[in-house]
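Only one chain is included here, represented as structure tokens and corresponding to the form predicted alone.
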Amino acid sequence: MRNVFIMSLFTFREALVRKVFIFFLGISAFILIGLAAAFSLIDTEAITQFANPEGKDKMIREIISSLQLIIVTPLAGLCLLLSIFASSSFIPNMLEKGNIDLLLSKPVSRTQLMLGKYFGGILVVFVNIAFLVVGVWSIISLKFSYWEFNFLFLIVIITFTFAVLYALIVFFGITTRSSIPGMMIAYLIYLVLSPVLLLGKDKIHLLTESEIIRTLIKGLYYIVPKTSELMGSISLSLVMKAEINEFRPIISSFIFLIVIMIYSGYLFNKKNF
């Protein structure tokens, strides 16, 4: 585990050197400055002046919940899109001639190298996502003097969703030595395939009577990571303090992550460099 930890820190430092971390951080800071400027124009007293004293706290909670609901969807999507872009080159860079030769000469196994790159990429994204989400939460909380900690759970769900997609990026990075295929597949799943399958599994009977197509759609739904549900209903339930009634998207996505990482490790150990 020590070698994995060292490789993770090495990947984090690589992100700093390649300006990936700074680029992500800069975009997050720009968003926070814009939100702070927008919220500075809001007069909280004017909003709550018509509420009776007993109902003021409830009204503030409802306002904060509504603001979080408006912000959470585009914020979560932007975080994930930036995360995929920022991390897609870590594995291909490691596999470049010279880099991989140097790393394999060290007393570290290939599995440890791969896991170090994987967890290092997650660390880079986690820090940036935490900076952005905590920043948004602080702006809203300071403005209304009301601290709703459930919003911070968004850090966990976005990072987990990224970790699932990053497993695919690692897989394609190992098999193709390129950042483009993994990045495109991750975008395809997040933006197209997962939303379509989520809608299709319930509405497919309206579109076709073919049992083969229906079975195919449902099969794909259970195989493909449930990013639409992770970033949609589950994240909103966490933010809005609602009960999560369906854990299958989390469990199946986690199983997908483990399977892909095990197979990626197998392929990486079999490769000749």
Partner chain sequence: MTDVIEIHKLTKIYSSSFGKKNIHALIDLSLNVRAGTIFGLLGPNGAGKTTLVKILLGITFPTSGWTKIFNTAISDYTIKKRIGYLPENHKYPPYLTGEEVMIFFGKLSGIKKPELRQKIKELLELVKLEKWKRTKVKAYSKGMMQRLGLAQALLNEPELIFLDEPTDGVDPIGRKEIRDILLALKSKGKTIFLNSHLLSEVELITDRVGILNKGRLIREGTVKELTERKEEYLITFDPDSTLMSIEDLINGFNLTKISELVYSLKVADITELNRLIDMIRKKEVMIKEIIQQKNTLEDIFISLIKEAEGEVK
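Rigid core: the largest C-alpha set superposing within 1.5 Å between the two forms. Numbering follows the first chain given and starts at 1. For clarity, every value in this text was computed on a predicted model and none was experimentally measured.
Keep in mind the form predicted together with its partner chain is missing from the figure; the text below concerns it.
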{"item": "Options 165-173, 178-186, 94-102, 152-160; stretch whose heavy atom lies within 4.5 Å of its partner chain in the model of the complex", "value": "94-102"}
{"item": "Distance check, Ser89 to its partner chain in the model of the complex, heavy atom within 4.5 Å", "value": "no"}
{"item": "Exercise: Thr73 in contact with its partner chain in the model of the complex, heavy atom 4.5 Å", "value": "no"}
{"item": "Contact of Ile258 with its partner chain in the model of the complex (heavy atom, 4.5 Å)", "value": "no"}
{"item": "Partner proximity in the model of the complex: Phe254 to its partner chain, non-hydrogen atom cutoff 4.5 Å", "value": "no"}
{"item": "Partner contacts in the model of the complex for 110-132 (non-hydrogen atom within 4.5 angstroms of its partner chain)", "value": "Arg110, Gln112"}
{"item": "Core-aligned C-alpha movement of Val17 between the shown form and the other one, 2 Å or more", "value": "yes"}
